[in-house]
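Here you'll find one protein chain in two forms, each presented separately as structure tokens under the names structure 1 and structure 2.
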Structure 1
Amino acid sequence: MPQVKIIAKNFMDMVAALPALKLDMLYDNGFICEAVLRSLPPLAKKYVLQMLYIDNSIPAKSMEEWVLAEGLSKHKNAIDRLTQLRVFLETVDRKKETSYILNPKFQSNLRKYLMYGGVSPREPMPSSVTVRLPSLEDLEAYALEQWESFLLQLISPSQADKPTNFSSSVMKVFQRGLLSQRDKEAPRLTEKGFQFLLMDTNAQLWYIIREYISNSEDRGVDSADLISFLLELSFHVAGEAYNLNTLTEVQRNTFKDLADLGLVKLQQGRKESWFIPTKLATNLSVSLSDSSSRKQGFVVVETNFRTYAYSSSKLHCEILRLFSRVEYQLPNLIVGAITKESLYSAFQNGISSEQIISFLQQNAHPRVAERTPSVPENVTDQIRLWETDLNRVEMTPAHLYDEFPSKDVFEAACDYARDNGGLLWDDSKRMRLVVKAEIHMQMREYLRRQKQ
């Protein structure tokens, strides 16, 4: 999904935008280095790897030797990213030759990794202390439930049955851009909001987290700290319990929010309390990579405009309801039909046909995803046609001129309007013409001059 890339990239942009000093400080933490490395484009990863044991700087020219003509843009992109993130430090010598050297902190951290492999950031608590940990499945279900209820609250606060921990101001921040609220009306999803719903979980998560971090300063939390903490979190093992006492006060506060998002589950033991990261958390750094991640779809669209969505999610049902008529719901199946009426209401909400089609295509059930096209052509065509139905009449603000004194004046006026690209319609018999509103002033000026 392209969105994931954009969102995730935006997140790394945020990291890259940190001041150099802060960035270098971040690299003290091995996990940050690891996460940053993983977020790099493939070519950049390779460059880092080959520089790992080289202390000297390598001239840019010699790196370009390796690049094929087709790969030049990728190469540029990779180098840009590396320098933005201060993984590569650029030096320009007297002869104006650029060369790069690997950030020493980054380098030593990664070398350590190679020697000792990936280690967990903190030791999990022994099972003797933690009484009974939830199974991975339970944990996943929990994460999902948390996430969905958060989403529901986000998009339609009235429907949410469980209030979250987030203060309404924080919630407002999240909602910014996704919902539009006119006076006294129920908030409605904006176009962006719809797109947000259509993203996959990781992308949505990153979107939320980015918003969360960007207003962290308001809450008195350093954004660099937060970033490093979140990235570190993703290196914990899902399903293991970790002692909350190892965290700072700020981090513990953050955890309450994260629990609301379903990233971690907090549990209270007899003496101690601990947190269990869910898969949502551990997948964070995975989805950071530039690669396009795919997910299993669930929707089958038939040529008779019926849709079968193999999902039990309430959210999916809501999304489908946006543009189709849901006919019945079975425990794991939502059957609906794409109708003219359902589409019209979607179009009225500012959803475009292309968005609907791309949603259907991206979420196509694996069985149909193998086929091309994954959504029947007649359906996609019809959706587009129905959209253009609405656009039959085009509105152009205009002005009507009539009662010209003479044919000559009228024709001169017509020519003038035509030359300025503003003539919409003219009737030479009755000497009337319609001119676009933009050139009304010019037109008036012109006519006044003619009169004199």
Structure 2
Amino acid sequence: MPQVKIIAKNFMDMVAALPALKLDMLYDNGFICEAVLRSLPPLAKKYVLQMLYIDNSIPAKSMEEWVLAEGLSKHKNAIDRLTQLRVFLETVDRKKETSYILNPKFQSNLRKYLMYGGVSPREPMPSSVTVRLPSLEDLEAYALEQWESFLLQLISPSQADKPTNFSSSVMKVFQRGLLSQRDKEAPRLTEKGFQFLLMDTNAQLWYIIREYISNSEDRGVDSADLISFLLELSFHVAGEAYNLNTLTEVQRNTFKDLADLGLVKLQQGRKESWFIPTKLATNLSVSLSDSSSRKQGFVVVETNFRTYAYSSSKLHCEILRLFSRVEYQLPNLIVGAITKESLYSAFQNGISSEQIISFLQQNAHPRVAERTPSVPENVTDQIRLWETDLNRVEMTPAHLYDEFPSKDVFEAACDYARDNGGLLWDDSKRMRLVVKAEIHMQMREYLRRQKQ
């Protein structure tokens, strides 16, 4: 079964993919320069700071001397990342020797940042204007509720606690890969969609943001401007209120979509309106690996294939249904079993055994997460075996031919099918043969000519 890979890129991968002209324009914004610096690997950060006050280019050979021999692979990775982001500009002289110089725009803005310190993109609103703001705990609960409601709309809209009308901008993200819809039918999850639901929450978020940006041109929004705005958003303080009037019309429309996803909370006062960033928004400029803090797991898998999920989340229940049989649900416990039938259904929907095992391991309850392995080996081995069993038989559309008038006609037909790469099986005693469906019409025409 061919597997569809979903790659969740972070912002810096999208920044690096921009054309050189747009990338240089982004570096006019000091917040972008700071975000890029924060995202770099440690060795790349060191190189940037070393060259921050050097205006001349440095030969590549000289830079190789900055590390020991065993660190050359990390050195190469750092240089590659810096050149991808155009933080380093590469030059080649007449002797074909390579040198690197720090991007002048990036260098200038970073110097200002180090000399004068960073400032917030906009000042928070005074508490005398805003109503009582939610606590960080309430804000995190809100973000989780919005995200779960969003995912429940994908899996099973009937299970959502409240009807949520997502904007066409957000829905188009899913129409492009995670959802499919035929005329007069409800949207259905695609193979990518099933795989998406088993991903880590941060990986899911990066996937959505990447697709949202890729789809921006269709909404008349420049992708570079959107990346710049979202990176700037990451420099706001989670839990603080910021005036919506400081935003452009395009940015306000973007915030409506971000509120659907739980990245910001919108509030209306008597005279003013404001937005409150959640931690999902303030982590946008951090790399995927850095932002993926391990959450407390909730699943216990036993050697008899029984599963116990200590959760009251409807979303968790629906995700478990993707590959297991849910038997009953208590207020804080979901009891089920991993069966051959439930796994076959998952495999047919494009979910692989490795994705299921990874989900169970990443979401293992703390009591079993400390064990090695956290999921019993007999369970993981059997999940892989059942996937292998499903893939053991390969289906090929074919046609059976029999009742040949003579041995000579039968053998000639076998030779014809073999020469055209369509012979699958033949029985010379009973004069029967099976050919691929793709040469069926050719075979019929050949046999018709033999009768004449």
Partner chain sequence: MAAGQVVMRAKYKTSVKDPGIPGVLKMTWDKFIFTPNDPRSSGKLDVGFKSIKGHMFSKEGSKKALLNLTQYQGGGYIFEFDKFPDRDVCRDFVGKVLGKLQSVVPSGQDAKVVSERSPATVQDEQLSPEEMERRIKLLRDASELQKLHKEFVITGILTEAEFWATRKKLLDVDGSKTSKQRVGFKSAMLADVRPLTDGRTNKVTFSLTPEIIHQIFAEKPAVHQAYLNFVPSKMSEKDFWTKYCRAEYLHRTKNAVAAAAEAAEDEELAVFLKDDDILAQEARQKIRRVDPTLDMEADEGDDYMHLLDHGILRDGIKETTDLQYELYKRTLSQDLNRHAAVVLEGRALEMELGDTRTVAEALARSKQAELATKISDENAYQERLERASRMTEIEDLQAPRTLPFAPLCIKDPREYFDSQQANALKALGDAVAGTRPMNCTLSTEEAYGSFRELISEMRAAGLSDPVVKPEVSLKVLNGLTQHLSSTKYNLGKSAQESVLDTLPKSTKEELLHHWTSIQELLKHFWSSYPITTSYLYDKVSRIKDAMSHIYPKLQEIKESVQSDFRHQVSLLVQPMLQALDAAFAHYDADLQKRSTRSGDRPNGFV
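Under this definition, the rigid core comprises the largest set of C-alpha atoms superposing within 1.5 Å between the forms. Note that the structure is predicted; figures quoted are calculated from it, not measured. All residue numbers here follow the sequence of structure 1, with the first residue given the number 1.
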item: Structure number, where the criterion is the form predicted together with the partner chain; value: 1
item: Residue 26: Cα shift of 2 Å or greater between structure 1 and structure 2 (core-aligned); value: no
item: Residue 65 C-alpha relocation of at least 2 Å between structure 1 and structure 2, rigid core basis; value: no
item: After fitting the core, residue 228 CA displacement of 2 Å or more between structure 1 and structure 2; value: no
item: Core superposition result - C-alpha of residue 320, shift between structure 1 and structure 2, Å; value: 3.9
